[in-house]
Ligand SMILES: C[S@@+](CC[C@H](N)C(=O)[O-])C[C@H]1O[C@@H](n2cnc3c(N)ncnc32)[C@H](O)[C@@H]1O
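Single chain ahead, written as structure tokens, the form predicted on its own.
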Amino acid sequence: MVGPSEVGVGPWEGDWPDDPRLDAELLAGGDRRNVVDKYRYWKLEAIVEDLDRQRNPFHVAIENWQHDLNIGSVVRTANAFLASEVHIVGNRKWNRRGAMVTDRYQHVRHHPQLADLASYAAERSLAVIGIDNLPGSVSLETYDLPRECILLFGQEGPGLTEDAHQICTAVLSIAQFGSTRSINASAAAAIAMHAWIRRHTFAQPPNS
């Protein structure tokens, strides 16, 4: 019976390359981390430094008043789409299991209150864009997402608090066509982040 193939690569074969970004322990023992091939054998600090040179100018924030289990998945997706930072508002502790260790590579900042997040956004001229399916919200599919912004998400179930709505420039909803009232918070975050990527990374220039 053939088992699943091993993740990553084994010890480096042959003479070790002369590259200060590489980790001697990984070269000797192999690199089984969940990283793209480009970063095989790289030191953690070298990977973060390289990512920092490429990060997108959008941020992600999530309210954490009830220790939402979705936060780890949101962090993992933010890493995949190379967000500038993830902001945890409320409780400092959050469940890291869903992050699959990607929080080592993704900057995560804590704000005790929504007012702190609002101040951070104002100081950096970042529009706060809430994502919530509520009456009066604007369609994410048609809204022109700003390049520099914070995408703000609420808890699974209750969504954004009223205080969160007060600091938002706009509140956007994701189009749904079935019977369920809402979709999973981490799924909503992934959709919104990808909408930003489509708008600002793959948008075609207008015809001249």
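A quick note: this is a predicted structure, and the numbers were derived from the prediction, not measured. Residues carry their position along the shown sequence, with the first being 1.
This protein has a second form, the form predicted in complex with this ligand, left out of what is shown; the following refers to that one.
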4.5 angstroms heavy atom contact with this ligand in the predicted bound form for Asn133: yes
I'd like to know if Ile174 sits close to this ligand in the predicted bound form, meaning any non-hydrogen atom pair within 4.5 angstroms. yes
Taking heavy atoms only, is Gly159 within 4.5 angstroms of this ligand in the predicted bound form? yes
Any chance Arg181 has a heavy atom within 4.5 Å of this ligand in the predicted bound form? yes
Go through 166 to 174, 142 to 150, 31 to 39, 52 to 60 and give me the stretch that gets within 4.5 Å of this ligand in the predicted bound form, heavy atoms only. 166 to 174
